[in-house]
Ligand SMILES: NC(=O)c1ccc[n+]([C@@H]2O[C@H](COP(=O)([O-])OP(=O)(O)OC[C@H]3O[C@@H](n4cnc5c(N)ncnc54)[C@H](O)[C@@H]3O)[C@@H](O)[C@H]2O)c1
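Take a look at this single chain, the form predicted alone, given in structure tokens.
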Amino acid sequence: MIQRQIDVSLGDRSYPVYFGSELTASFAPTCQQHGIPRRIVIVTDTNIARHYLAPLENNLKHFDFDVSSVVIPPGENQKSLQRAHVLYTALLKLGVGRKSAIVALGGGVIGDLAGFIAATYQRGVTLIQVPTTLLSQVDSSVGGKVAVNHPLGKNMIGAFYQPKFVWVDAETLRTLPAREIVCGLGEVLKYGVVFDAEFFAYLEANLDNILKLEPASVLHVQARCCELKAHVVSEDEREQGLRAVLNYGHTVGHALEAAGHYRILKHGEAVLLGMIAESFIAREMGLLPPDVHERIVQTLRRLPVKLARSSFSSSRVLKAMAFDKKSVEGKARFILPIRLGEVQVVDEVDVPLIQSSLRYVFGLAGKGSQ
């Protein structure tokens, strides 16, 4: 049943985010409530399809929706123009018109890719986000940022395209590998550092319960993160100011992903390591007190991410950083913490300091979690 609702306020494009567990039976009635077109195409991957596709299809068909599905392989490398072309072709062959809806059933990759398709197919069709990973439930499914990657950079080709609603079912977390929960918690901790010291303290105290998917803790985390994200998106939909602070950990994180050709690190793991690096930079620049840096790093290191130093070179990471879409006049833009609950945008970070932060992260990651 639906346990919580948070609204993203964007005028006539406002939409709700629904939270609960065992929500499948309510999905089609909610689609009817929101006036979703009868023609629906579900986009998902093979991992998710195995668990959740048939129940969702059956629920929609029971309420007389005309449902088709497109199932693709899993993985970040699917977020490409090549895969988008395959999806466009599938939609055309299915005879899908403008009065239709795309349901993005999956994690961040599916949400970004299917959202990009919805934004661009026949100049835009209705989109519903059904995130199935912790990372996508607390962050990427809310806010309308949809994109595909380019070999030279992550999310370089995309749009802002809001869904009609977001459907967060905690039950989908039960079938996730432990690594995916860790990925999500990287983004969760980001919200505590950036916006809410009290929330960060809650995460410190309850991290073990969240890792075990204790229901009350998970619901609190999902709702609080989306509440914070909804506020930011409502104030700054197109990332002209406030929304940029959500990129804490992402300047280094995206560069690590790209340097590993999106195969070595998952997005949440890269962001987690990026937050450690950017906390180090903030400390070395005198922006972040050493004790707060230590508190951030020790909490992040409770999440198991291990990385072989030989997997990367600093030069490759720096090269990837140069292509980051957040760069300003060729300089990498960093979101650096100055205390728990507050960050600062910094465009002037010396290359030697960035290199030092990477050595610091490689040293910690090579030792694994504590």
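Just so it is clear, the model here is predicted, and its values are computed rather than measured. One-based numbering along the sequence shown.
The same protein also exists as the form predicted in complex with the named molecule; that form is not shown, yet it is the one meant from here on.
Though the partner is left out of this view, residue 30 does not reach within 4.5 Å of the named molecule in the model of the complex, counting heavy atoms only.
Looking at residue 52, you'd find a heavy atom of it within 4.5 angstroms of the named molecule in the model of the complex. Shown alone here, residue 215 lies farther than 4.5 Å from the named molecule in the model of the complex, counting heavy atoms only. In the model of the complex, the named molecule lies farther than 4.5 Å from every heavy atom of residue 115. The candidate stretches are 82 to 90, 282 to 290, 170 to 178, 200 to 208, and the one lying within 4.5 Å of the named molecule in the model of the complex by heavy atoms is 170 to 178.
With the partner omitted from this view, the residue of 127, 109, 185, 225 that lies near the named molecule in the model of the complex is 109 [heavy atom within 4.5 Å]. Interface residues of 148 to 170, taken as those with a heavy atom within 4.5 Å of the named molecule in the model of the complex (partner not displayed): 154, 155, in sequence order.
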